[in-house]
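First, one chain by itself in structure tokens, the form predicted alone.
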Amino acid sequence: MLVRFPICAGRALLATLAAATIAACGGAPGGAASGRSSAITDIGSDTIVNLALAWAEAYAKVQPAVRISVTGGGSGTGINSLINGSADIANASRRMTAGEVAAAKEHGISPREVVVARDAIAVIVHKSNPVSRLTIEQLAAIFSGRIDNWSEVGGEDRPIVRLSREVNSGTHVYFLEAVLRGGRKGDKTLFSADTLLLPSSEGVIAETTDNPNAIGYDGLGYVTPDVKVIAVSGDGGKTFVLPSAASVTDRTYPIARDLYMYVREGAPPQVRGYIDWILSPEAQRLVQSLGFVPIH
């Protein structure tokens, strides 16, 4: 699967071991952070990984001397890699927690947060499902297990099969906090214990495509025509909005978020130069081409 194979910018490597691939790129983990190498190690969010791959390949034409290794694994993995010095850039589909920032500082790292794109989280069901719209409150009830049957939200008398990303996913964390807990601090609501946790965005799409009882969520850039996208209401059912670049930009779609790259303050020049390029119009055009929302 593409997202599991790290690459060097400009040339894909048929390797499954990240360490071996990073070495092939010309720098040991953390080497770029020390400023002794032109290699950049970029690890983290599976939501961002295909975009990060596209950026790395495009940047190889801009700065051929800078070699970039990109790996997914989830936002938590990327942030932990930045903290322990094995990554120069952590991709994250959620903000770092206070605990993660504190852990970074204990390791002598002051994280710098950069918003690199925006994204809508699309709620998806099987194409045969007659349900077309849901409120945030209904979604919270479904995913927490208080609603178990599609007939309770206007659908057929069928059991609901809940799909989620794994707990290490930034998308999982965002959906838990923004939807199930409604952004309320101190709320301890959890996903229903029978929720099926899937390791990738592609896995959520595939399961929803095949299962007429399923409901899941995914970054908008991963949604295919094989699933049905639900319109969501964030105002108690007064208005329902489909996810799109336009509804993210005008902030009418209620489940939207920023996507981040985290680097250390004082990162080497090649890392700072790469981040500056990602914020350029040239790089932001790739954001739109992959189904995400540019920051400008």
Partner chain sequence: MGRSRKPSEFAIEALIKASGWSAVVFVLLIFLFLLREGLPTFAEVKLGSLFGLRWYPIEGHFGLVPLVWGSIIVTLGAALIAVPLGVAAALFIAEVAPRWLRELLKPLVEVLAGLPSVVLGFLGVIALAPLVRTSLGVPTGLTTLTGSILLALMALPTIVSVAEDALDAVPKSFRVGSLALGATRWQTIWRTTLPAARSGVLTATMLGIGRAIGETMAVMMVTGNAPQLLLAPRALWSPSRSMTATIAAEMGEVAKGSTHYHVLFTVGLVLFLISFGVNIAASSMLFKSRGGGGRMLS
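Positions refer to the first chain, counted from 1. Small disclaimer: the values here were computed from a predicted structure and weren't measured.
Quick note: we don't show the form predicted in complex with its partner chain, though the next part is all about it.
- Residues within 4.5 angstroms of its partner chain in the model of the complex, judged by any non-hydrogen atom, belong to 174 to 182 and to none of the other stretches in 149 to 157, 131 to 139, 174 to 182, 114 to 122.
- If you check its partner chain in the model of the complex, you find no heavy atom from any of 221, 276 and 291 within 4.5 Å.
- The closest non-hydrogen atom of residue 199 lies within 4.5 Å of its partner chain in the model of the complex.
- In the model of the complex, its partner chain lies farther than 4.5 Å from every heavy atom of residue 86.
- Though the partner is left out of this view, residue 102 does not reach within 4.5 Å of its partner chain in the model of the complex, counting heavy atoms only.
- The closest non-hydrogen atom of residue 109 lies beyond 4.5 Å of its partner chain in the model of the complex.
- Looking at 234 to 255, no residue comes within 4.5 Å of its partner chain in the model of the complex, counting any heavy atom.
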